[in-house]
Every structure is written in C-alpha cells, then in structure tokens.
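Below you'll find only one chain, the form predicted on its own, shown as structure tokens.
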Amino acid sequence: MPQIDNSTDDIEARVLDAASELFIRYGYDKSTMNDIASNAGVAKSTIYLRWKKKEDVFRALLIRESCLVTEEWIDRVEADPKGGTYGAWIRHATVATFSNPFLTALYKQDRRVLGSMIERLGQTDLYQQRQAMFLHFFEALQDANAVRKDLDAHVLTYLLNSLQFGLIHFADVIPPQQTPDLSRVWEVLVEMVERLVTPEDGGDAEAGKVVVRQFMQQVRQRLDEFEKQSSFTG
C-alpha cells in the first residue's frame, strides 16, 4: 500500500485538487469545506490551518490554475513560428484557458463567482494595471513590427479589456439559456482581433516573440504577487 505524503506541499495540492473537482462538478456555492476535506482525505481542521474560509481556498486555486495556464500559454507561443504576433498570442491564451477544466467551468458555469472574486481581489486596481500592461505590450509589438503600426493602441487595449469585463459580468443580466458557448465566443473574438491587427506582410514574429517573453515575465511576476498575498491572508 503506497504511503500517503502528509507534507505541507502535498496536503495543499490534495486540498486544491479536491476543491477543483468539487467546484467543477457541483459549483462553488454548493461545495462546502466539509466536502473539500472529505474529498482530499484530510481533517477539516488541517485545511483551516492553511485557509480560514472557502473563499481563501478558491482564491488559492484560481491563482494556481492561472499559473498553470500561463506556463502552457508560454509553451504554445514558443512552439509556434508565428507566436510573436498579437493574434497568435491571444489565440494561444484562449486555447490554454479553455484547456483548463477549472477555468473553463468558471467561464461557462460560474462567471458570477469569478466576477465576485475579481472584485475581492481589487477589481478597479486589477483592470487599471491590466490596461497599463497591455497598452505597453501592444505598443512594444508595434515597435517590433509584429502588429499594425497604424492602429490606436490605447483604443484597442481599452476595447479588449472592456470585452473581457463584459463577458465575465454579462452573466448578471443574461440568463444561461441565452448565452452561447463561451469558448466559441472567444474563438470569434480572437479571429476578429487577428484579422484586425496582423500586418499585410504577416509581421515580424521573431521580434514579436522577444516582446512576448518580456510581457509574460511580467504576468508571472504579477501572479507571484497574488500568490504571496494569498499566502499572507490565508
């Protein structure tokens, strides 16, 4: 019979894996700390040593899965000869996100939960920082001739941020039966963006990859900051 690893790292992984399975199957609201403890095979008191409430578990899981998606995203960009173009970059982001069962469930089933968690993380600050980061990123791609130079970078990044915000919060006003498959919605959005921003000659993908690597390092750093905040407040 295999030994159970009760190290702190293993317990954390088991708890987050259990929470992910439950949130995907039953949803965030219907899953309890008792359910998570039982599914993880640990005492509820053990979970409370690390997280004070279910929201803290969810936040830690969201950060972990976002890190995993970011790494897959980077791998996909690096493997793609045209990965340095903006269209390819955003397409790989979409594929990586919807290849992750937890994040897919959030976008398709629990967008209200995702929206409320973004609010708790500091929605205004998050979107302002995102806007600034993406504006700098797009301008750098323009300088590298990876996207069209005649586009207004501020307008485009504002539009894309507002579209993501709307896709998350639209669940508050549009019922599920009137909501199309969100993975398909993202596919159409990516196609629109790709057609809009790609230079006529296809752009300089290799120079763009240099910009992408620098930007993704910033994304990693931001996720690390959130993870540290989660560890501190958990």
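Residue numbers here begin at 1 and follow the sequence given. Being a predicted model, the structure only gives us computed values, none of them experimental.
In what follows, reference is made to the form predicted together with a further copy of the same chain, a form of this protein that is not presented.
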Looking in the model of the complex, is a further copy of the same chain within 4.5 angstroms of a heavy atom from every one of 163, 174 and 178? yes
Within 4.5 Å of a further copy of the same chain in the model of the complex by heavy atoms, the stretch out of 179 to 187, 54 to 62, 24 to 32, 203 to 211 is 179 to 187
When the contact criterion is heavy atoms within 4.5 Å, does residue 71 count as touching a further copy of the same chain in the model of the complex? no
Any non-hydrogen atom of residue 149 within 4.5 angstroms of a further copy of the same chain in the model of the complex: no
Taking heavy atoms only, is residue 167 within 4.5 angstroms of a further copy of the same chain in the model of the complex? yes
If you check in the model of the complex, is residue 79 within 4.5 Å of a further copy of the same chain, heavy atoms only? no
Judged by heavy atom distances of 4.5 Å or less, which residues of 21 to 50 approach a further copy of the same chain in the model of the complex? none
